[in-house]
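Just the one chain here, laid out as structure tokens, in the form predicted alone.
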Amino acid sequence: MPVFKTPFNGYSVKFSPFYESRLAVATAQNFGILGNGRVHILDLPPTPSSPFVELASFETADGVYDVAWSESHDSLLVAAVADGSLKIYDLSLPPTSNPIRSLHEHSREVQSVDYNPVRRDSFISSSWDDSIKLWTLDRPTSIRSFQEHAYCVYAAVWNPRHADVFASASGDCTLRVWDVREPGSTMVVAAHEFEILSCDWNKYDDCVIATASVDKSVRVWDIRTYRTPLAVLNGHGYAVRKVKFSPHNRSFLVSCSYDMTVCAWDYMVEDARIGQYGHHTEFAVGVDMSVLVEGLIASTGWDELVYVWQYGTDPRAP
């Protein structure tokens, strides 16, 4: 499959829920410390030997740490920006008309954004200001803030079945489960002894969630019996930056790490690591799995490269 070279360091990659060949990439200059950002919208080529087609790119004054596609409009996406803002882009409009909205309430960098896959009208953002905010497209201000974490909230992710439930992962070493109808979090899991950088729900069991940590492990939890994890997945050599469950397979998940690798896991078998890909030459910080094409994986990293490949094949193969 082809490789796409970004001008800035890759931070996040997300497949479109509407078009099987489309993905968005969030990037930040100077490793996200200082400088501009850019969102790239890419289409996979019709043949593997052809280059990616860049449909659009949007420049920001600060780095972009994450992107999320709208679940209700195929041309809309939300970007999480280092200046504390969320910017909404509409691909059906010319670049000069974008972003169509900038939502600025977070007081520090926005690390993650996730669109509600059930209700499809709202999204959540998480920030280094220790908070999570709930938004809808039609309101200029957030609906609600969730403030219990004692340190940066690196990820907030909606439950795939329950429209009001989400989970958050924080540098305070806790995983929290929330229901937007409740005043506070409904569950606190001391999931790791070090910072938790990512979490993701299982798409087939709405009580199972994975966490990824600075402790180099991925842990899988059942929130009904969360005293001990269902599985501890060891195999990365450094902090695990992102974890993602497969949309097509109950026990399959992928992770990426500061050890520059992407790992594939089956958490239900004893030898859980079923694949390891060493195609990046810098920190691997973004990974995603396509909802529309089974086994299709994308990754990006600080080496300024975006790879897309089928599970079981070499990401660098032409």
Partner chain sequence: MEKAINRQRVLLEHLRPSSSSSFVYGSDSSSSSPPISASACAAGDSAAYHRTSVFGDDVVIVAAYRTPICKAKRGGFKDTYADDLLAPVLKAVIEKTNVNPSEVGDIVVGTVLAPGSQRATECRMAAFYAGFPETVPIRTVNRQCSSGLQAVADVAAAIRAGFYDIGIGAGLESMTSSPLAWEGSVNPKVKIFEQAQNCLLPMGITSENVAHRFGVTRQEQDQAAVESHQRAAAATASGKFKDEIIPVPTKIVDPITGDEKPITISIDDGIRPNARSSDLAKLKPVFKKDGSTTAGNSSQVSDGAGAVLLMKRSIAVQKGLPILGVFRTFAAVGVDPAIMGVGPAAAIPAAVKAAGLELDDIDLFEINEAFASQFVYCRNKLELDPEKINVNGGAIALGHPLGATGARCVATLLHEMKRRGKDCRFGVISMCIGSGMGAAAVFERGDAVDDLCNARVVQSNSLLSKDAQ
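Positions refer to the first chain, counted from 1. Just so it is clear, the structure is predicted and the values come from calculations on it, not from any experiment.
Just so you know, the form predicted together with its partner chain exists too; it's not on screen, but the next bit is about it.
Trainee: Tell me the stretch among 116-124, 92-100, 204-212, 235-243 that has any heavy atom within 4.5 angstroms of its partner chain in the predicted bound form.
Mentor: Result of the contact check: 235-243.
Trainee: Counting only non-hydrogen atoms and a 4.5 Å threshold, tell me whether Ile33, Asp62 and Phe283 all contact its partner chain in the predicted bound form.
Mentor: Spot residues vs its partner chain: full contact, yes.
Trainee: May I ask you to state whether Arg108 is within 4.5 Å of its partner chain in the predicted bound form, using heavy atom distances?
Mentor: Arg108: contacts its partner chain in the predicted bound form.
Trainee: With a 4.5 Å heavy atom cut-off, would you call Phe146 a contact of its partner chain in the predicted bound form?
Mentor: It does not: once its partner chain is placed as it appears in the predicted bound form, Phe146 has no heavy atom within 4.5 Å of it.
Trainee: Since only the chain is shown here, I'm wondering whether Trp302 would be in contact with its partner chain in the predicted bound form (any heavy atom pair within 4.5 Å).
Mentor: Yes.
Trainee: Check Lys216 for me: does it contact its partner chain in the predicted bound form (non-hydrogen atoms, 4.5 angstroms)?
Mentor: Judged by the heavy-atom cut-off of 4.5 Å, Lys216 is in contact with its partner chain in the predicted bound form.
Trainee: Using heavy atoms only and a 4.5 Å cut-off, determine which of Trp158, Tyr154, Trp221, Trp135 is in contact with its partner chain in the predicted bound form.
Mentor: None of the other options qualify; the answer is Tyr154.
Trainee: Identify, from the list Leu77, Ala167, Val189, Ala82, the residue with a heavy atom within 4.5 Å of its partner chain in the predicted bound form.
Mentor: Partner contact (heavy atom, 4.5 Å) among the options: Ala82.
Trainee: Could you run down 158-195 and flag each residue that has a heavy atom within 4.5 Å of its partner chain in the predicted bound form?
Mentor: Heavy-atom contacts within 4.5 Å come from Phe194, Glu195.
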